[in-house]
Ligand code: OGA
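Below, in structure tokens: the form predicted alone, a single chain.
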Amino acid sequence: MQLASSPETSATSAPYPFDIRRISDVAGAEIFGVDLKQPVSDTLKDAIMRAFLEFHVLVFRGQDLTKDEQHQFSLNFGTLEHHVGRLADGTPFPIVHTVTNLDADGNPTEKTVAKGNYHWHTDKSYHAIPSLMSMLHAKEIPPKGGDTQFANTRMGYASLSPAMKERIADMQVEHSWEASRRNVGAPPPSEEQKRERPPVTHPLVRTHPDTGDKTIYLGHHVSHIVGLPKDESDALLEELTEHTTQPKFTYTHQWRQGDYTMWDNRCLLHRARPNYEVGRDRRLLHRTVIIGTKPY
């Protein structure tokens, strides 16, 4: 693969076979000079994964991949997940699916936007084996806004009081597709979808399988903390979410045309921001998700 240099190279690029620049102390690094259309060598794949673990969010600038090319690139990092969500005709989302505010005629509209994306979550936590990595490729972006925010749940956990860490250490949380829909005011899932994605239980304090760091594992896919009364569960989940998503733990990604962004669902929450003219400006991104491992 041909690697170009960048005038914005920083000292952090020394261990990597590409130019890389940190863009946030919370999470985020830009990578320059890598054409994701080209085959990925083992050396490059290993370097991308090292950067992924160091920075949690990677942004490859100036990419232009088709859905098939995104599919092929994504396969370098594991098995792609299928989706329980349905298109307007009732068929499941394709494995490379579109995140957009465009209707069937290609016109911007507020009606087609998935409102759940505006709430803090980690992808597919309602799966028994939830997501490792998500990827979004910006094909069309608004002239202003339409950002994506990331909250570092490792930092959030590390800053908890010793008493809170002890309190939540062994708590289990139920996640489900049904709760996810209910929590954002979306139509309930079909019986088929509920059978396809029954409720699952994960630890509230998760151990990152690659780094060993403790993280807080929550988001709008959560139903409740097992064994707590509903009021107490709701209050604690709200308290932990507000704590973890404070500005000091958050990075806001302002999209550029051609950005290809990948992030670590095991130590981040994320949400889209409706800070653009949703009914007027076009926003279209292609999404793939990589299966992870069972949380512990």
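For every residue, the number given is its place in the sequence shown, counted from 1. No experiment lies behind these values; they were computed from the predicted model shown.
Keep in mind the form predicted in complex with the named molecule is missing from the figure; the text below concerns it.
Contact check at 4.5 Å (heavy atoms) against the named molecule in the model of the complex: none of Arg50, His56 and Phe77 pass. Just one listed stretch, out of 194-202, 209-217, 152-160, 115-123, contacts the named molecule in the model of the complex at the 4.5 Å heavy atom level, and that stretch is 115-123. Contact between Ala138 and the named molecule in the model of the complex is not found at the 4.5 Å heavy atom cutoff. Shown alone here, Ala272 lies within 4.5 Å of the named molecule in the model of the complex, counting heavy atoms only. Taking the partner from elsewhere, Arg282 is found to have every heavy atom lying beyond 4.5 Å of the named molecule in the model of the complex. Taking the partner from the other structure, the named molecule in the model of the complex has a heavy atom within 4.5 Å of a heavy atom of Val99. The single contact residue among Glu174, Glu178, Asp147, Glu81, judged by any heavy atom lying within 4.5 Å of the named molecule in the model of the complex, is Asp147.
Along 240-265, a non-hydrogen atom within 4.5 Å of the named molecule in the model of the complex is carried only by Trp263.
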